[in-house]
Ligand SMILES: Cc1cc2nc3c(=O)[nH]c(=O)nc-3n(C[C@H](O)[C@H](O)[C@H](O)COP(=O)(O)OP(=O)(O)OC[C@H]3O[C@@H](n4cnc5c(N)ncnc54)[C@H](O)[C@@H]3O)c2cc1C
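In structure tokens, one chain follows: the form predicted alone.
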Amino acid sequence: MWPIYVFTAELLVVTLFIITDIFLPMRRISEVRVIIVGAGASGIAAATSLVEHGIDNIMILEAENRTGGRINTVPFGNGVVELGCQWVHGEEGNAVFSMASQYGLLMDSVINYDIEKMVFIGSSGNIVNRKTTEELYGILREISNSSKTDLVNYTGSLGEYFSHKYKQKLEGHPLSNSSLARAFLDWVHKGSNIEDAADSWYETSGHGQVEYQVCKGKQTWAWKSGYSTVLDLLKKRIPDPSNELPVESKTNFKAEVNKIRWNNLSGENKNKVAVECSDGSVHVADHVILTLSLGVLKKRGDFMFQPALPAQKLNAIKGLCIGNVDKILLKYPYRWWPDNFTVFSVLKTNETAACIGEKCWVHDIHVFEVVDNQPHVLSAWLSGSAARHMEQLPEEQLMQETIEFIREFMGKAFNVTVPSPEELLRSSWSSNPHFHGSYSFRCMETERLNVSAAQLAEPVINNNGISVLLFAGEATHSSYYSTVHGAIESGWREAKRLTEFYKMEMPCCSGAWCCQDWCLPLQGWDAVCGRLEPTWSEAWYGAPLSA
């Protein structure tokens, strides 16, 4: 039971509870074995794995009013679009592909960055010569393909590497000093910033690129019914809805976490963690799995935890980087662009032409792409400061400036009258306080501070040697960072960490498994001594456990 104290001072009655040496106002208190902060891919992966393996006394605290996190499939036009994660990247070793492909949930995306499907438009609205396009594009692809080997011991930025190699490749070439060659390098720079979520590839670590592991196979698998389908796969709603794991009912929405007290709790709360939410509620658990984005940890990590996180953890949060990538989706009454192209880019071939005032942001759009299953929709991709500026624009201004840009370049290039869009939708990952960015990358600061994803993933241990704070999310994955499959694997990793912890803390006796008093109550166990659920042991250890 929680110790409750009532103090009366004339007209004021204050109800308080003791959780540390500090008195805190109590609104609601609940107690579970595991709290998971965040209902994104990693949070849902952790929750479903724990439930499957017998630990179902859990709670998910989600600040948004939906599950998915940076997976955000929303209705638009005649179907759905993705405001966040777009494609399944690769096949071999990709947990998402493994789950989805067996049920036929994926399809070939119309986007594959085949040069034959791409159009480059110059600053004057002319389509750039295709032979020249293919030649410059080929040179840049060669540099990209050789980078994994070249960057192993490289100490500079990705931008320094690419710029130097590009200059070398173009020595003696007729286009070596041309504005078109520089415009192509600028285009690849923007593409790199989309891929890494960086403001500039001069802040992206060259060596850090080697850490990322590409899953072999097609890199742009699209979902037939939206990326949120992966959440149904994790919950076992697919293939049979009757087998859905009870995760949704354990989720508290609009539960924004303000404070996490993780050490030196007193009395019956010894070795526990208290999580306080903005609505005044307090939730207590033996362990907390944090799946917060790196952006939130950077913004709030210094004051969210009491006591402060260990120095190594704070250093990892500081050294790993996260940036912003956004989309603008435009739904037209009909398809006015050529059927045989899927990607459209405007190159800054006129270096003397300056954009006017705040409208410069639109010139930093990397590409306009067609959208799978949406024949009348175009999607614009942009990152960095341009994306942050775009997020703050009034919708009417955003619509007008985007329309003007498209008409000025694409309309002229294809000699068509571009209609006004019927609908517009945009993402806002940077300005959303529950994300503060899109996904993580390895920056030059990562190298300077010599930090790693493994340090971010390391559990925080209390004074009694118990791992009370566990960390998951794409930024904690050493090789699949920035991806959904990396996020899911990290959730599974932390769930496994807890199941193995309870396996070690529950020694066998007389052919059965006994729970230590402080471990109770654990769902799936007899109150005193009981056998381990077969599904738990078979899933993690290959066979039922025995004495």
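From a predicted model like this one, the values you see are computed outputs, not experimental measurements. In case it trips you up, residue 1 is the first one in the sequence shown, and so on.
Although it is not shown, the form predicted together with the ligand is what the next lines describe.
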TODO: Label the site open or blocked after overlaying the ligand from its pose in the predicted complex onto the shown form by the C-alphas around the site (blocked when 3+ ligand atoms sit within 2.4 Å of backbone or C-beta).
DONE: open
Task: Heavy atom contact within 4.5 Å of the ligand in the predicted complex, the stretch among 342 to 350, 312 to 320, 399 to 407, 468 to 476 - done: 468 to 476
- [ ] Answer for L83 alone: is it within 4.5 Å of the ligand in the predicted complex, judged on heavy atom distances?
- [x] yes
- [ ] Would you check, heavy atoms only and a 4.5 Å threshold, whether G68 touches the ligand in the predicted complex?
- [x] yes
Task: A285: touches the ligand in the predicted complex, heavy atom cutoff 4.5 angstroms - done: no
Open item on the list: Taking the ligand as it sits in the predicted complex, is K298 near enough to touch it, meaning that at least one heavy atom pair lies within 4.5 angstroms?
Closed with: no
Task: All of S42, E62 and T483 with a heavy atom within 4.5 Å of the ligand in the predicted complex - done: yes
- [ ] Work out which of I111, V325, L378, L265 lies within 4.5 Å of the ligand in the predicted complex, going by heavy atoms.
- [x] V325
Task: Proximity to the ligand in the predicted complex, single hit among A274, M444, C215, V257 (heavy atom within 4.5 Å) - done: V257
Open item on the list: Going through 400 to 439, which residues have a heavy atom within 4.5 Å of the ligand in the predicted complex? Please give them in sequence order.
Closed with: W429, H434, F435, S438, Y439
